[in-house]
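Encoded as structure tokens, the following chain is the form predicted on its own, with no partner shown.
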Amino acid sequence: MIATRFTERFGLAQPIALAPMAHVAGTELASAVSNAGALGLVGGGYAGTQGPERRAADELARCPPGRCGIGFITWALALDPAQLARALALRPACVFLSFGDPRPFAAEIHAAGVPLVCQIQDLVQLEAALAAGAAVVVAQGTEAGGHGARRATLPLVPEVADRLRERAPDTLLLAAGGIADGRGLAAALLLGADGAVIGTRFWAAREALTADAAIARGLAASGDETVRTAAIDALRGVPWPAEYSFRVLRNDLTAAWAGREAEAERQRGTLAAAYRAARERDDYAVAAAVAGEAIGLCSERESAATLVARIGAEAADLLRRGATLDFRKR
């Protein structure tokens, strides 16, 4: 066991959190991660603003109260704010807000006595997270799969750690982006984080909702075979803020459109129907298989319990060779 402020505050055996990935982190995966001693989160995604999206609170309702958290895409939650009240009524372990201003939701979350986790991609967003009273800040680097921004994990995490030490020493810090094994977790701790949020490695877990066809593409890929682009969101007509792009595995769609973001914006929504149809038939030459640069560290589909145990043990072994295992005091 690696003892950190994160494991202590959330009652965990390992300083690991599941990224609340839309269409991936459902009840089964979140529960499996929590049962293994890490923090499982259900992916709230677009909070019901799209037809095929699972209703986040319905997924969370099947988790034991207080055992799993829930994550929302913040700008989408603003379009369907009733989802937050439904989720809070189920006593989640935390609410994880990403990609938007958390401050309009902070008072409701604090009033429910639920820890607020804010994912940030730069120092401007850090200020908003602190103003919202975040209990935990997640510094996400551009290596991450799915949506993100421009800062890299390696320099962003210690810069945020230094700011928090000066400004909000009781606020916990998690690192995210490119972390998929014990080496990444150990590095995150040494950079000043209290733990790590892991997405891509759990994207390929047995309990994930990820389609088998997407998994097959991912397990055969290296980190070189991902690309970050905003063109996909424009073409499928999803109104992501301009500062975020989408890291996915390269396919026919990215080959045709990555680097043509301005043109894709002019054709906004024209491929929406075709994209939905491709997803429904598991056609990942068109639909995005969402994975980060750490996909090159994923070679097989394993259980969440196996992954949590191995990542924690690998990190502990590395730290035992040259550093303390007790990171509760900074």
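One-based numbering along the sequence shown. All values derive from a computational prediction rather than experimental measurement.
Separately, the form predicted together with a further copy of the same chain exists; it is not shown, and the next lines address it.
Checked against a further copy of the same chain in the predicted complex, the residues A111, A152, A242, A85 give one hit for a heavy atom within 4.5 Å, which is A152. Proximity to a further copy of the same chain in the predicted complex, defined as a heavy atom within 4.5 Å, holds among A294, V290, A287, A304 only for A294. For the three residues H23, G71 and T270, a heavy atom within 4.5 Å of a further copy of the same chain turns up in the predicted complex in no case. Note on the interface: of 91-99, 75-83, 154-162, 198-206, the segment with non-hydrogen atoms within 4.5 angstroms of a further copy of the same chain in the predicted complex is 154-162. Although the partner is absent from this view, G237 stays clear of a further copy of the same chain in the predicted complex, with no non-hydrogen atom inside 4.5 angstroms. Residue contact with a further copy of the same chain in the predicted complex: A193 places a heavy atom within 4.5 Å of it. Interface residue remark: A187 is counted as part of the site for a further copy of the same chain in the predicted complex, having a heavy atom within 4.5 Å.
Of the heavy atoms in G133, none are within 4.5 Å of a further copy of the same chain in the predicted complex. Residues M1, I2, A3, T4, R5, E8 are the ones in 1-24 with at least one heavy atom within 4.5 Å of a further copy of the same chain in the predicted complex, listed in sequence order.
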